[in-house]
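Shown next are two forms of a single protein chain, provided one at a time as structure tokens under the names structure 1 and structure 2.
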Structure 1
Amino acid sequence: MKIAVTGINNVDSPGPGVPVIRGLKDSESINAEIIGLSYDTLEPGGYMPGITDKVYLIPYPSGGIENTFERISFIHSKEKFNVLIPTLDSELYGFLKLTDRLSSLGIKTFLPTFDNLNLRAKDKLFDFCTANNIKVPKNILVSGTNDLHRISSEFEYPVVVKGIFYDAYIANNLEEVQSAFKKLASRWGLPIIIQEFIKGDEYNVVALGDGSGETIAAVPMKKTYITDKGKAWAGITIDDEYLLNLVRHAVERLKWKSGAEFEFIKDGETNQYYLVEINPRLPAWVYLAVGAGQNIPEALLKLAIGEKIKPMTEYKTGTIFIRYSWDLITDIKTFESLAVKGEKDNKSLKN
């Protein structure tokens, strides 16, 4: 089966495309041929042997969805792929809007719904959690520096200052809040989220919902080594039924469709889990779940093509992932093809 996958930027803060592809390639039942969709001529997934069979450049979502659709239709006319798996959060709204048109071309997707995305939005998560009995750090939304005075009466420093789409800073005083506010507002717009800082360890769960409320797969992981960008460098699967039930409860209440990453912080003093974020896509560490026994990319693909699958509940505790970097050597000719023609055949690349 031909499957198109985005997010093959397997760099220091990697997109989930390459690990998703590894999961698909591991599957014995689907015989995956992968069309990599790359936003940049240098995304490593387009050069790594055994990952993408062909790679095409596609426009950034911020270039407009018409533009994206035109390019995807063109690629589809040449490659006739069956399923499209976008893996980056910034693409989701665009591909979601295109679902019907993609499906009329015969391209299947399995994306979260608009309701899913709205309920988990950074400015709405607090309301969702409090309504559903899930612990969540206190937060307020601010839309101007004039509102920042509320912080001193409602929070204790440090606080977390978050952009509406991405990025977060920890601020220890009002000056730091103001500086973070300016950076975030100019990059991602308003409002800005001020969130209670909870001291403790990070626990993440990768999950897959079928859209009816059922959790098809879920694997919890503790980050054991974190990069200076806050990304997991290494992590280990853990056995925590309470945490899994928390995720199943959220998936059920959200009727979550597609993959997601639930980020928790376990308060060092009270041992309570706080849900800090739901990322509406599979995480870059999803291959850990595959390694532990739940091939989530394969399951997502099967849901996309309409197969029924039973929830997976078993996985191996104590499975570890360690991310490493690796310098791939290639000739300028391989780059030229992608840079000038916007496409590149990888069939000659040796594993």
Structure 2
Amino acid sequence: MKIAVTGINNVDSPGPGVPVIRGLKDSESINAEIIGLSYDTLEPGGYMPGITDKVYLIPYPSGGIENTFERISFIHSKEKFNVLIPTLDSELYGFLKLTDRLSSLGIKTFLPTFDNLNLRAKDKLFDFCTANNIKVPKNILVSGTNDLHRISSEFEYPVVVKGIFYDAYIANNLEEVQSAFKKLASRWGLPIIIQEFIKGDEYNVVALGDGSGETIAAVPMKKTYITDKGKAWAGITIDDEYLLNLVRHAVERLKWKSGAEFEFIKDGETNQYYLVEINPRLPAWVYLAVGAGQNIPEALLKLAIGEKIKPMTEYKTGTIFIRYSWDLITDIKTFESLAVKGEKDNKSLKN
């Protein structure tokens, strides 16, 4: 079997591609060749030994779905891969629009539906949670700098300023809000979300839904080290049935199809969980779930090819992940192969 995976940018704000591939490589029932789909010539996943067997450059989602489909079709004509696993938020709408055309080529996917994506979007999350009795921080949407003056009458500082796709800043006053607004609007567009700041510890749950409301897998963890970008650099699996039930309830109500990451803040004063985001793909820390006993990438792949999967409920608590940096050494000829030809064979890379 050949599997194409995106999001192999394993940098300080890593994509989920490399840990997804590691989960697939760990499978005892799947013997897969991995085709890495890279948006940049220097995405580390394209150079790491034992990760991708081949790498191809693909156009950024901003280039439009026709460019993407043309490139994917070309790669498929050479590789005849069976399954495509997109792992980045910003590419999901495009690949979802291409699902039927990909299927006609013989490429299987297991993606969220348009309803899934819309209901859990950052600008819709408050309404979804309110309708389904899930605690959520108050938020407002702003589409221009004039709207920012509403903040002082509706919130107490600090507040969280979020982009529609990625990134978030904590702002302590209007000046910091304005600065964050300009950064996020220029990078991700409008609207911008202004969210109530909840002080407490951060907890995340990686989950997999089958599209019918069933939760196939779910593993919760507490962040124990967080970077200045808000990314978990270390975390530990925990035993919290209440938190898992919140996620199962959300998956059921959404009829979620595919992997997802549920981000919670546990209020330091009330000990109540607030759902702050639902990311529509597997997170960069998904390999922690694999290490704890739930190989979620493997289960997602099996669902994509039509296999029936029984829900996984057991996992090992107290399992820790610690992310680290590693200087990977290569040579200019290896780089040139990808930069000039747009493709590179990694089978000769040594572990």
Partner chain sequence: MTKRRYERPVITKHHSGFMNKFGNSPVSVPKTEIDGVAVKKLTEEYGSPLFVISEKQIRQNYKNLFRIFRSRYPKIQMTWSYKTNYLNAVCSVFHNEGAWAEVVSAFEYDRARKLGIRGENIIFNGPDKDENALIRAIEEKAKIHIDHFDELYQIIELAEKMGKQAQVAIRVNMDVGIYPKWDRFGFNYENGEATEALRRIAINKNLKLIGLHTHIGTYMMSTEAYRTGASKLVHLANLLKSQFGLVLDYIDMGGGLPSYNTLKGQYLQAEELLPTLEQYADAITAPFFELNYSSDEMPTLFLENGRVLIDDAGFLITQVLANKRLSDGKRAIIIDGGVNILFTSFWYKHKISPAQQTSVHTENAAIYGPLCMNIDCIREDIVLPTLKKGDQLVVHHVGAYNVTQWMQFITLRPNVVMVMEDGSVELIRKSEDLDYIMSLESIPAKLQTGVK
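Superpose the two forms; the largest set of C-alphas matching within 1.5 Å is the rigid core. One-based numbering along structure 1's sequence throughout. If you're wondering where the values come from, they're calculated on a predicted model, not measured in any experiment.
- Source of structure 2: the form predicted on its own.
- Put the two forms on the same core and the Cα of residue 150 is off by 2 Å or more between structures 1 and 2.
- A displacement of less than 2 angstroms separates the C-alpha positions of residue 121 between structures 1 and 2, with the rigid core held in common.
- Core-superposed comparison between structures 1 and 2: the Cα of residue 131 travels less than 2 Å.
- The rigid core superposition between structures 1 and 2 gives a CA shift for residue 190 of 2.3 Å.
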